[in-house]
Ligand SMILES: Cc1cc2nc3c(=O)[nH]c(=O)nc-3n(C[C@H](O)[C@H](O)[C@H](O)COP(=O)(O)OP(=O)(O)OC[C@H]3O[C@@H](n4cnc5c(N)ncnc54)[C@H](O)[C@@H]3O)c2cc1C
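So this first bit is one chain, no partners, the form predicted alone, shown in structure tokens.
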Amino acid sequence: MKINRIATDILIIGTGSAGLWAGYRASELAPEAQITLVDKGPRDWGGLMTMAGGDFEAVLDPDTVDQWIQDFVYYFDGLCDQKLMEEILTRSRDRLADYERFGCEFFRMEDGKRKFVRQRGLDHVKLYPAQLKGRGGELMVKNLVSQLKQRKVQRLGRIMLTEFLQQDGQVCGALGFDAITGESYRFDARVVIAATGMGGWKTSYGKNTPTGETMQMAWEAGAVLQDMEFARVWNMPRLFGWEGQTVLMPLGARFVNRNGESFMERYSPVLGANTDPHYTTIAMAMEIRAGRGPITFDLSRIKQENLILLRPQNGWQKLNYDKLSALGLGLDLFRDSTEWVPQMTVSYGGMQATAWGETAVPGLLAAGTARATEPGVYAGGFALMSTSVLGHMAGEKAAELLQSLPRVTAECDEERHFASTFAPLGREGLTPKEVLTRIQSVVFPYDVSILKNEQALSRALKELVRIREEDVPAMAAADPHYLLKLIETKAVAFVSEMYVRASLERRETRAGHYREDYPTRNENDLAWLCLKRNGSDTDPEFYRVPVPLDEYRFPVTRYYQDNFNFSE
């Protein structure tokens, strides 16, 4: 068997925001090191950042880092790693300045001041919109890739990695295959950075690629997972995908039910519609269950001068806009009321890691959304900020580890691994899409994904275990491309099971986790829920890490959750 062998100092998996920033920073600090970025998608495509609008959060004067930390302690219902958040927020200004130095532009008003949009009714957290709506993320990718080209950083695409190489407990590379040609690859490295994003459910082209296979690889290698009970259930137009409600809500957009009522004021008189989609989708589910659906999106209160912040100038959103308004359905998002629905998108769970990305496994760092950071609620622009900072920090840590981490080479039965990997090729069996659809049908019902309860979660877990034991092994793939899809679907099954198990384990309502049968906080359970592998057993071992308030500077004195009343 021919195996393409690549030796490198730093292997970075994933070429989205975190991966590109990790490569950039590592190449700055270790210019003589060999750095290799590998992605399952096209080379230099940029992951989810390409699909992003380009809006960015940063702590700029007159705000202070301390003020923003206190906002997030409140917003996260206490589940805020204050030391991690301080690192992220302190560096946010520099990453915004870097983007502007690279050539990215952010919206400014006629007087030259930056335009900002306050987020989620918080006192200080602000989003700074990109100048070119619909192309901001794409331009960020192009500018970062240009920096890596100048530094001659190796970049490879269309390679699906399937297993970490380990020797004496240290991660020292990975195995994988070319998703087009089927060629086998082995990467040997001193340090490995997992920057592949979160798990997800492949619900739209905007969130089609984060499926969690690297998270599963890390779990199997001994990494600890955290925050798996939290998932992003977003609001989306029923007929098409869109980016922008983060900006729309503070400017006057609102959801209305079939009676024309702006129903969010019923559930939160204080915040109304200007809140996180987690809370809005809870209200949407309750309105629909009460017979007051469908839900439509009303933009009539937004001032015309603010529409420039939303109307896309180019990119995938511009294609959507043109098709809807001129070529197809005759819809104009900025003129017509459109039906919106809750949509399960991605997991907030990830690897447990230090601020600098160090996991429980030596040699393996986690960056961006591959690591656990947020407890299920999201402020617009936070991901582009946090992934840039955390990727930058992981690249710095990787360069540092090159000086201390021993070079080891894993002993591996490569032929056996690749024989197992390629076994589904050419045989008869279930397609990945068939199994994915079955997983989605288990996880997407409201009582599993939004209004969680013990009975529904237990029912879902039973079916997910059956899917893991019966359907996943029965999948087949016609070619290497569909073998990639098969491995993605296997990871979706893994993430789904961990999500349901963790949702059962957290018997309270906090931040982005709502249990209709436990609708209040457990004041004695302010802790992160962690999962580790229990030997060869398939069931994870849960344990709690209490939030160390005695080590933090700011006490928990108020809760964002208290702004809502979802009792019907």
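Since we're looking at a predicted model, the values are computed, not measured. From 1 onward, residues are counted along the sequence shown.
Same protein, other form: the form predicted in complex with this ligand, not shown, and the subject of what follows.
Of the residues 197, 363, 173, 375, just one reaches this ligand in the model of the complex with a heavy atom at 4.5 Å or closer; this is 197. Screening 514-522, 66-74, 501-509, 44-52 for residues having heavy atoms within 4.5 Å of this ligand in the model of the complex returns a single hit, 44-52. Proximity of residue 213 to this ligand in the model of the complex falls within the 4.5 Å heavy atom cutoff. At a distance threshold of 4.5 angstroms between non-hydrogen atoms, residue 38 is in contact with this ligand in the model of the complex. Contact annotation for residue 207: at least one heavy atom lies within 4.5 Å of this ligand in the model of the complex. In the model of the complex, this ligand lies farther than 4.5 Å from every heavy atom of residue 225. Of the residues in 84-119, none comes within 4.5 Å of this ligand in the model of the complex through any heavy atom.
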